[in-house]
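First, one chain by itself: the form predicted alone, in structure tokens.
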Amino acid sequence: MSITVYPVTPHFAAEVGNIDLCKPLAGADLDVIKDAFWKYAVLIFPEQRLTQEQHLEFSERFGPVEKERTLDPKATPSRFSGEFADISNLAADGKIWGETSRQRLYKAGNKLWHTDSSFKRLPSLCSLLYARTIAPIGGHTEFADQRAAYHALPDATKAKLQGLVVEHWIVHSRRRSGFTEFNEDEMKRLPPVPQVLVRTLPQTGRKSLYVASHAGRIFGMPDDAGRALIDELLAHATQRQFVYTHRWRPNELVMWDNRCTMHRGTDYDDLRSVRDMARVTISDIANSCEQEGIAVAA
């Protein structure tokens, strides 16, 4: 039986059926998945019992894997290292984290609308998150379609945004969520980076906003005006008509296009209920400014 693709909406998010990602993937099947991904930006693969090796093998079909983690592993030990990010409420010993743990305070920023790794000079193409254990209540992931949000803007606004460059910095989003305790090593490894505000997706030619909670200021604009414009665009792009809420099921893989979506996690009882997930993040081919032909400082 061939792969099936069932859209959640006509143009955003789809569930992929009749596929077992534990098995080697034929080239024709990968082509179907990629075509669906470029169109829908969020793909859901239910009922997948993946090992870490199988999760990684499928992820690598989309590009090189990010291996550097944001937090210093000496200051904040994790269950995983290298290719996997721990998107759970579990400490390095596998037990539920404490109320004041550094990992918990840092990850509170995941409740803000963001796109993975936009704070890195080489940002992310996509993320692939696999759920082993889900919270009984809450712990959903909301996705916002920045392509549709851009399309809905007035032409005058689109013209105003074209060519603007924004500073993205992990410190911006973490300050908003109350985390300020980056150590010297983390600050040195993660300086502010430029990213374009409107980008073109090469597979489809569609334009998309590229904004997130990591965005702090717009180059060439007064800080207050730039911050106001970023906040305006965040509010616009996360209106209900642009948002899909994913309610997780165990043994489910979800992948999303970080170039044209934002996402955020919703609350759950993270001091009592286990939410065990791991993410692989795929790097983009170049900085977004470079892809748009906009010269930026080294």
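In this text the structure is predicted, and so the values were computed from the model without any measurement. Throughout, we count residues from 1 along the sequence that is shown.
Just so you know, the form predicted in complex with N-oxalylglycine (OGA) exists too; it's not on screen, but the next bit is about it.
Contact with N-oxalylglycine (OGA) in the predicted complex, judged as any non-hydrogen atom within 4.5 angstroms, is confined among 164 to 172, 110 to 118, 200 to 208, 217 to 225 to 110 to 118. None of the heavy atoms of residue 104 is located within 4.5 Å of N-oxalylglycine (OGA) in the predicted complex. At the 4.5 Å threshold, heavy atoms of residue 87 reach N-oxalylglycine (OGA) in the predicted complex. The closest non-hydrogen atom of residue 140 lies within 4.5 Å of N-oxalylglycine (OGA) in the predicted complex.
Heavy atoms of residue 263 reach within 4.5 Å of N-oxalylglycine (OGA) in the predicted complex, making it an interface residue.
Remark: none of the three candidate residues (8, 40 and 259) comes within 4.5 Å of N-oxalylglycine (OGA) in the predicted complex, counting heavy atoms only.
Site annotation in the predicted complex: the residue of 193, 144, 134, 129 reaching within 4.5 Å of N-oxalylglycine (OGA) with a heavy atom is 129.
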